[in-house]
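The form predicted on its own is given below as one chain in structure tokens.
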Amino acid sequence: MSKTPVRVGLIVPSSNVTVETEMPRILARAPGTEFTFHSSRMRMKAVSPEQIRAMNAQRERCVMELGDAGVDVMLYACLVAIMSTGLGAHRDAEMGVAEQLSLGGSEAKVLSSAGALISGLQALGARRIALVTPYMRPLAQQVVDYIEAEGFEVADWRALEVADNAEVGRIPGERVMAAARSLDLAGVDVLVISACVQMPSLDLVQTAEDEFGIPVISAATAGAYSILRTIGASVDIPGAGSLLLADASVVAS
């Protein structure tokens, strides 16, 4: 008798087409667990402070819609939407969503791409990191500041400065890898190849890890890791970076 699939709710920007592609691809490879995916969208076309604020104001509607779908775990899948609103904001955002769901009778676990990236770095024992982002430099700097406030040193970083979110979803892998190759990785523990769930990265993670010889993660692989750990499923997905290898990571306290 087959198990009931785990229902994953995704809150995504309206122009995001990547997380609904990469997350199912990753989790389909997880042993012993089946997933279904259910999305609700917040209107956002340009990755700008103004449109991010307007998008975040739509969160409650999305939470109610996914609560109606009876999801088991919910991921707020826009990293910069949280990291640009204040240091440590992923904790308040996750708590706020959980409280809203609880009022509606849902016990769904709540995660965010922002919190998942931090958890993934902690799980790998990272201290000194480097990252590639698609954002304009002021927003990218806010992401760097946010991560450093969580206790990590960002040794080097690149901003590809793509403001149109639909265009972010079309950034070629070659451009992302070129940015990664331009980083100073001396003494770096972990490379974040994509600090954005819209910038395609899944096909780059293992390639980059093999090339650079250090653990490589993305917002997408960190999100998948957090989902698996949250629902108590096995973490054993070869070919997607060290974070998703069985027994390769130890969750920090």
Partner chain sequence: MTDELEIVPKADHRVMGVDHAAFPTFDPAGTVRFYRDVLRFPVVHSICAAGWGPDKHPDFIHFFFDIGNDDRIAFFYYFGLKPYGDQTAPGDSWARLDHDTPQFFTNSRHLAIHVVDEEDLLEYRKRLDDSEWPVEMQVMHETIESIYTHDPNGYMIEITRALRPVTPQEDLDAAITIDALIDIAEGEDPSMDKLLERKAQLIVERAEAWERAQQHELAPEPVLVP
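Positions refer to the first chain, counted from 1. Quick caveat, the model's predicted, so the values are computed rather than measured.
A second form of this protein, the form predicted in complex with the partner chain, is not displayed here; the remarks below concern that form.
In the model of the complex, the partner chain sits beyond 4.5 Å of every heavy atom of residue 174. The partner chain is not drawn, but in the model of the complex it has no heavy atom within 4.5 Å of residue 200.
For the chain shown alone, residue 68 is a contact residue for the partner chain in the model of the complex, at least one non-hydrogen atom being within 4.5 angstroms. Using a 4.5 angstroms threshold between heavy atoms, residue 85 stays clear of the partner chain in the model of the complex. Contact with the partner chain in the model of the complex holds for all three of 63, 103 and 106, each having a heavy atom within 4.5 Å. The stretch that touches the partner chain in the model of the complex, counting heavy atoms within 4.5 Å, is 55-63, out of 55-63, 203-211, 30-38, 184-192.
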